[in-house]
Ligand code: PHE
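Presented below, as structure tokens, is a lone chain in the form predicted alone.
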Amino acid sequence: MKSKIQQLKDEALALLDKITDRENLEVLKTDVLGRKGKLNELMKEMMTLADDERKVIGQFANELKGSIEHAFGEKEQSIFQQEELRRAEDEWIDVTAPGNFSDAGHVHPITQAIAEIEETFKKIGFTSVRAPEIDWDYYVFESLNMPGDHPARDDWETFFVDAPEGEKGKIVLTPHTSNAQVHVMESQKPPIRVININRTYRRQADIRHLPMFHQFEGLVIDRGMTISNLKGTIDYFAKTYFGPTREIRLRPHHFRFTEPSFEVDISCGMCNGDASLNCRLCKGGWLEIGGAGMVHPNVLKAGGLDPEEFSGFAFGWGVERTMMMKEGMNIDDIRVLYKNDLRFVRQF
């Protein structure tokens, strides 16, 4: 019995010496020391021995079992240390090496332009408001002095939403940000000085037009407002946003919600206002970027104000065209802004 137990120990230690990983160590440990292992099987044979022999063999077996368990423990610790060394080598990081940074995104150039425009007007006391981009045609047309037979109210010009009519008419995708005017007059009392920037929608698409684009609408209402205040505000914005050398001009026009009304042009940033260059964008040295005028008395009445007491001016410009005219932009086709071409947007 002693020789069997000693032989088992020698065989176990020989096999243990060859093991280099935790998985095989557990297999051998179970085979030798497990409940159904070889050592327990030998222990069962002791039941056939006489009492005095069983006592001697039992003591001998326990000593050998202890030495085997100790050997397994040392082996387990050795394998653990080797694994830690390999992990340290595999996962080693040179903290002094420069890092590999992933590409950082940034806001779209239109979003940048909106923020810059808002900040420019904020400096002269304008506050930002938001009018709905899906609105009743009352606010989009009726309250702005545009009768039911006005061409802009035709479904070839404006996107109408397929929804039931309400007390304020049909629902439309706003073709301009001027719908903010009466909304603001209903919620605020003069003096009013606000800027509304939002998405707008029209059935147009070419190098200067998009079916979805952005506008910013300025509205100022107070006592004693004149065209001089309007032109001074536009001059301030043009010189601040475009640069001190850029020129603007006001051309008489007709808008239903302003009287008098003007088209606002700026010297083209692509050709520097040189009409002889046959610029594909401006086609003459000037680019129209929006409309402006004194708020029509009927619009003031729709907003609950007395036109005999208050006057005001408004202007609505396209954000995309405005940004395209900024110094150094060199964008001659508005459609490129929405092509999602990373080669383009990464320039900003």
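Just count from 1 along the sequence shown to find any residue number. Being a predicted model, the structure only gives us computed values, none of them experimental.
Missing here is the form predicted in complex with the ligand; even so, the following discussion is about that form.
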>> Give me the residue from Trp136, Phe255, Phe237, Tyr201 that has a heavy atom within 4.5 Å of the ligand in the model of the complex.
In response: Phe255
>> Taking 4.5 angstroms as the heavy atom distance cut-off, pick the stretch from 31-39, 66-74, 298-306, 311-319 that is near the ligand in the model of the complex.
In response: 311-319
> Should His176 be counted as a contact of the ligand in the model of the complex, where contact means heavy atoms within 4.5 Å?
Replying inline: yes
> Gln215 near the ligand in the model of the complex, any heavy atom under 4.5 Å?
Replying inline: yes
> So in the model of the complex, does any heavy atom of Met323 sit within 4.5 Å of the ligand?
Replying inline: no
> Are any of the heavy atoms in Leu287 no more than 4.5 Å from a heavy atom of the ligand in the model of the complex?
Replying inline: no
> Judged by heavy atom distances of 4.5 Å or less, which residues of 287-312 approach the ligand in the model of the complex?
Replying inline: Gly291, Ala292, Gly293
